[in-house]
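Next up: a single chain in structure tokens, the form predicted alone.
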Amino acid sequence: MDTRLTFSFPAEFETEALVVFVSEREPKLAGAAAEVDQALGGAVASLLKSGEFSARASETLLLFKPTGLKAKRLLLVGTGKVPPTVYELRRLAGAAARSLKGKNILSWSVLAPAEIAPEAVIAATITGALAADFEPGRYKSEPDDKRLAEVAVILPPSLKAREKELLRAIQVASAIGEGQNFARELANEPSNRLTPTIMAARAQAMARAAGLECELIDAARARELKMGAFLGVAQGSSEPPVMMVLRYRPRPAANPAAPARVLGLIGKGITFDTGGISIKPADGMEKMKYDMAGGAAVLGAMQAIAALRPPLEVLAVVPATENMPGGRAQKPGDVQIAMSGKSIEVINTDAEGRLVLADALAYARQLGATHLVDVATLTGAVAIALGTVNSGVFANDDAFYAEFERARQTAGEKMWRLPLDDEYFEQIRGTVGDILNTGGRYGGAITAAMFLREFAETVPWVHLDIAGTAWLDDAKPWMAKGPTGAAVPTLVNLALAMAGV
């Protein structure tokens, strides 16, 4: 999808379709919507008054050959009663994209709302349109091959002086949107078509194209590194495990005397999760192909970071394996020794994600990461707590969390910080070994995070539990059913912020 900026008055701009956002909360049209309404001789205001278009959030109305505009069509998109944030504007742009795409209109333009910062409009429009362009049915005999051709953002001529920095905003948004869709492509793959080996090959191909370093750690090398927690999960599957290690190294720093920060991104890569010996119910198990969505998010973020080239070293560690109940599978009651030397009592083999992340966190620390973020579809408990709206966030360092939170706000994703009080550790304190891999029913998302904290140790660390947000069970006006690419925008914005760009 091509993206561009134009500085023009809306009535004078030629386009296949002009997208205008209209608020339900204002009794009178304002800003860009009022300007369009004036060119149309009050037609939009009349529509609102008639009730034929109420401007509810994501409601759309397409007008053909609007008199007074050079655009061939006008698409009105309702914003609802609440002033749109980046989060909401991205959805609205996605709703516009899918509405127009459904009518085979693949090139269109968005009139930027005057009340929102232009950088935010650009970010939301481009990432929203790219997200809306993703279709999950790649294995259908007649897949939907229609793809958006071009999206333009129309800004007032008065902003022409800021063109260079606004073009950078388009570059950032495009990289994030493409990285998000790469993550969604991976998470959408059936597990027979994305084994750990195939996922590693996809990561390696992406790294080669993006200019990233890539190392693949096989089972033999993992044994040399004493990754007992990772290998314990893998031993039940006939598919060999792979731990992917990708590095982005920036050009030589302008100030080599400055203290080096290295961001480590760790993503859970369980390509299929049966639960192991503690097997899951059959109902809905087909969705467990997406249990590598955290690893996919990390790979998507690395693709975007490589494209944007911030002056910050970033490494990614993605441990990939299946969790299967084979004859060699680990059993409840087994004890595994993690790379860090901690012993883990396996109480429930379906709490496997934290085991593979334990060794990945330890390895990222060994490779020199000074700050850690892990991303995982880790617990059903987080979805019980936060539903499908917010991802769960945990952190062991308030200063690093503050940096992360600013990046999240810029990205426009919804996340909620949950506690890590020391009292929760008592639920996972071991008897035979150092630590239990599950703390029981209560506070399950928290005890899972407490487990991971033991392996981050003293390094500033953030844990994202995206189990409730990484998958859409039903299509939305702004996005197709299936994987969402959750966390990619925040991870990329965090890397940019840590780099000071």
Ligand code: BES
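Sequential numbering from 1, following the sequence displayed. Note that the structure is a prediction, hence the values are computed from the model and not measured.
Just so it is clear, the following notes concern the form predicted in complex with the named molecule, a form of the same protein that is not shown.
This chain is displayed alone, yet in the predicted bound form one of 288, 262, 337, 214 has a heavy atom within 4.5 Å of the named molecule; that residue is 288. The partner is absent here; in the predicted bound form, the one residue of 381, 148, 225, 210 having a heavy atom within 4.5 Å of the named molecule is 381. Contact between residue 280 and the named molecule in the predicted bound form is found at the 4.5 Å heavy atom cutoff.
The closest heavy atom approach of residue 271 to the named molecule in the predicted bound form falls outside 4.5 Å. Though the partner is left out of this view, residue 354 does reach within 4.5 Å of the named molecule in the predicted bound form, counting heavy atoms only. Mapping the unseen interface onto this chain, residue 467 counts among the residues with a heavy atom inside 4.5 Å of the named molecule in the predicted bound form. Contact check at 4.5 Å (heavy atoms) against the named molecule in the predicted bound form: all three of 350, 377 and 438 pass. Only one listed stretch (307 to 315, 272 to 280, 109 to 117, 416 to 424) carries heavy atoms within 4.5 Å of the named molecule in the predicted bound form, and that stretch is 272 to 280.
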